[in-house]
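Presented as structure tokens, the chain that follows is alone, the form predicted alone.
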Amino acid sequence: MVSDFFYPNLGGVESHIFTLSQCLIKLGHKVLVITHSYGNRVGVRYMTNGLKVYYLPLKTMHDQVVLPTLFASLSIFRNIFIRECVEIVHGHSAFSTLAHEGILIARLLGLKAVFTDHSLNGFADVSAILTNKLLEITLSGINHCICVSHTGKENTVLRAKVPANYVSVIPNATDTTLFKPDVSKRDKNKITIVALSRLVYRKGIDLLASVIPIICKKYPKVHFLIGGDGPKRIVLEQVREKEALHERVSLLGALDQSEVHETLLQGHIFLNTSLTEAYCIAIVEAAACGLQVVSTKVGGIPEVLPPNMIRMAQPNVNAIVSALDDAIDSHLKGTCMSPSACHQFIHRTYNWLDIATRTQLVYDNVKKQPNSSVGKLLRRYRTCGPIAGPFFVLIFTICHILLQFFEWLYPRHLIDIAPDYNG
């Protein structure tokens, strides 16, 4: 598993990698994670069930993503792949530089590569164009791609120009043993609306800031519990200050994974105002805890929960307020789905062992595919555009020459093979 996003950082990609790795270990596979260093967390660490994590000494550029160099990490990746006898490299997130580099180096070394795209991306702005071109180059050389929703698959096929038969849809899941309902933790004298996300523009925090004062004026018993941190926090603080809602709007800041469950248990309704989502694991965790879910109707969200468990609204203030009105009215009348029934549905539908088994089938299929020569890979990269194609062919040719130099300087038979963990 290769990604910039892993523990101690928290998020959907991070928890997906960790939990999927744990399930694959239980299925008998050897799994290791490669990410960049976080503070003083550098080198090799072991996590639950012997999950080995390489925290590479690479500096981050922005939003926990390393500076794209390819050459700087070439020797490190080569040593790890040989030392750990890696057969398949699985990269996560289109926004992870490390995932792209790991896959490209793995392919030049003759290893199989799989990529999971966890998010949607646009086509119009400069950052989207650059990200899409990089994704197109990376996916042109992989063996298979996984998306977390059918909407995500359509988005990836369009922006990365990858054949649809190379893409599988395997949704996210949640650990229902950790997310259980407990209505005794709720305050019976008020209605608590919980919102947990990174406080950034993409998560619709401006919409949330506009909805809060309207709902608070209409319903004196409603309180908001908001977890997460980010540049848009100041917008929520300004609304709370302007409307004098300090006693009714709680900003919890960044939460540890262990605190997420306790926060959800205090809520009656979960609110998601994202402007774009490929899947949204947060609404699955909220439903597992028995909360009613109100969410914007964007991306792959309509695929996640059935209509009787979620109220969807267009991403505008009036629509979200109307959906919240329905949810609050349903709660007051007691007509909403019971917490235990919500939990049972999530337990049956989004099971990590099932997700790991489906991922294992992808790995089995990939292992059967014939190896591609470096020449064939370069021909694939050459088709990625009149400018980008030749440029990246040059870059990858240099990488291939450097790998041959490393093979002469430090032959693979001199690299010690790491012993397997026997817990």
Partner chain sequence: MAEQNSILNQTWTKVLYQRSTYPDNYTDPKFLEEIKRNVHFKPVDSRTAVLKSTRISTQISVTVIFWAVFLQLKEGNGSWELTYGMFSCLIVAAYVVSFRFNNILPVLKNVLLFIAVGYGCTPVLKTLTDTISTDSIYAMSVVLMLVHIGFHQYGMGGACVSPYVSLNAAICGAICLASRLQETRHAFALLALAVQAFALFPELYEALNHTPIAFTILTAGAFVCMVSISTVSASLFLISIFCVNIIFPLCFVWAQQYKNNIYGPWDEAMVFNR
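Everything numeric here is computed off the predicted structure, so don't read it as measured data. Rigid core (definition): largest C-alpha set, two forms, superposition within 1.5 Å. Positions refer to the first chain, counted from 1.
Absent from the display: the form predicted together with its partner chain. The rest refers to it.
Mapping the unseen interface onto this chain, Ala94 falls outside it, with no heavy atom inside 4.5 Å of its partner chain in the predicted bound form. Residue contact check for Gly290: none of its heavy atoms lie within 4.5 Å of its partner chain in the predicted bound form.
At a distance threshold of 4.5 angstroms between non-hydrogen atoms, Thr335 is out of contact with its partner chain in the predicted bound form. Taking the partner from elsewhere, Asn155 is found to have a heavy atom lying within 4.5 Å of its partner chain in the predicted bound form. Shown here without its partner, the chain carries Glu87, His118 and Ser127, none of which come within 4.5 Å of its partner chain in the predicted bound form through any heavy atom.
This chain lacks the partner; the member of Ile82, Val317, Val200, Val222 within 4.5 angstroms of its partner chain in the predicted bound form by a non-hydrogen atom is Val317. Listed residues Val235, Leu245, Leu111, Ile214 were compared with its partner chain in the predicted bound form; Ile214 is the one with a heavy atom within 4.5 Å. Only one segment in the set 227 to 235, 327 to 335, 253 to 261, 271 to 279 has residues whose heavy atoms sit within 4.5 Å of its partner chain in the predicted bound form; it is 271 to 279.
Looking at 117 to 148, the residues that come within 4.5 Å of its partner chain in the predicted bound form, counting any heavy atom, are Leu120, Asn121, Phe123, His144, Val148. Positional change of Asp175 between the shown form and the other one stays under 2 Å at the C-alpha, relative to the superposed core. In the core-superposed comparison between the shown form and the other one, Tyr201 has its Cα shifted by at least 2 Å.
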